[in-house]
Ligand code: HEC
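The chain below stands alone and is given in structure tokens; this is the form predicted on its own.
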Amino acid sequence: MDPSQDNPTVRFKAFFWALALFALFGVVLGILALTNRKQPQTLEDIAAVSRYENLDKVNGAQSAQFSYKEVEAGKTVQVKPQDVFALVGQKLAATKPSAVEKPEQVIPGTAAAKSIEEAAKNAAPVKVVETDPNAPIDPAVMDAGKTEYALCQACHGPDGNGVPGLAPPLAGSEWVNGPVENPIRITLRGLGGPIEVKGVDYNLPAPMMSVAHLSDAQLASVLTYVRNSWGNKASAVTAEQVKAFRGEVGLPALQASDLKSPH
């Protein structure tokens, strides 16, 4: 053995450098973990965001109800849980129940559905203003749209090429790149029946379901993403354009003949 290697100073230096390298390795791993964090992509991740937001609201409300209250200057008491429950029960008992009307959940053929159809017949035609197809697309909108597209890719594929026997392609689709009202109305009402896409006839095994539960901004972002991905190039969709067609929510699924010609 080399006598110099048995020197305490050499051993201390070696130990110090090994410790420094180990610490550096930990820092690098931490930086990589932070930089690799992504937006939620799976349906479960997207649903979890809303669940945790609701949980925080519920916990905050409960904490406020059960927290200590100042009943008079310098004197605080904690609200008894039974008092809170009694108050909530009294309010519920005194409240008259009322139906929650959500057009996207209307059952076809019901009185509510017929009422929506009658209102649509009497409504003035929607005049949507097309935006400049050559205008630059906001990257933030594209990122938001990519996240929302996680809901669509189960049928239309992650690359927009569709799924044989299930859903037609979005990439290169004349219905996607054509008049902006077509994809807006399809997402708000759904689509059934045969449709020709890129010269191929598709007879959908089941109607495309409406995704009207998404907000105007969410639908605008995902449609903007679809209209500007996989070789598609079309104008961005705005929340105002989506809102203009909200009156159609609850109507029966569209057929290709109900849409504006894409050519």
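Between two forms, the rigid core is the largest collection of C-alphas that superpose within 1.5 Å. Numbers for residues come from their place in the sequence shown, where the first is 1. Computed from a predicted model, the values in this text were never measured in an experiment.
Form predicted together with the named molecule: not shown, discussed below.
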*State the residue from Val141, Leu151, Val128, Val106 whose non-hydrogen atoms include one within 4.5 Å of the named molecule in the model of the complex.*
Leu151
*Scan Ala234, Val211, Ile46, Ala217 and let me know which has any heavy atom within 4.5 Å of the named molecule in the model of the complex.*
Val211
*Pick from 109-117, 167-175, 80-88, 130-138: which stretch has non-hydrogen atoms within 4.5 Å of the named molecule in the model of the complex?*
167-175
*asked:* Can you work out whether Gly193 and the named molecule are in contact in the model of the complex, taking contact to mean some heavy atom pair no more than 4.5 Å apart?
replied: yes
*Is the gap between Val180 and the named molecule in the model of the complex 4.5 Å or less for some heavy atom pair?*
no
_Taking the named molecule as it sits in the model of the complex, is His156 near enough to touch it, meaning that at least one heavy atom pair lies within 4.5 angstroms?_
yes
*May I ask you to check whether Ala61 falls inside a 4.5 Å heavy atom distance of the named molecule in the model of the complex?*
no
*Taking the rigid core as the frame, does Asn54 move its C-alpha by 2 Å or more between this form and the one not shown?*
yes
*Relative to what we see here, could you say if Asn54 and Ala220 have their Cα atoms closer or farther apart in the model of the complex, with a change of 3 Å or more?*
farther
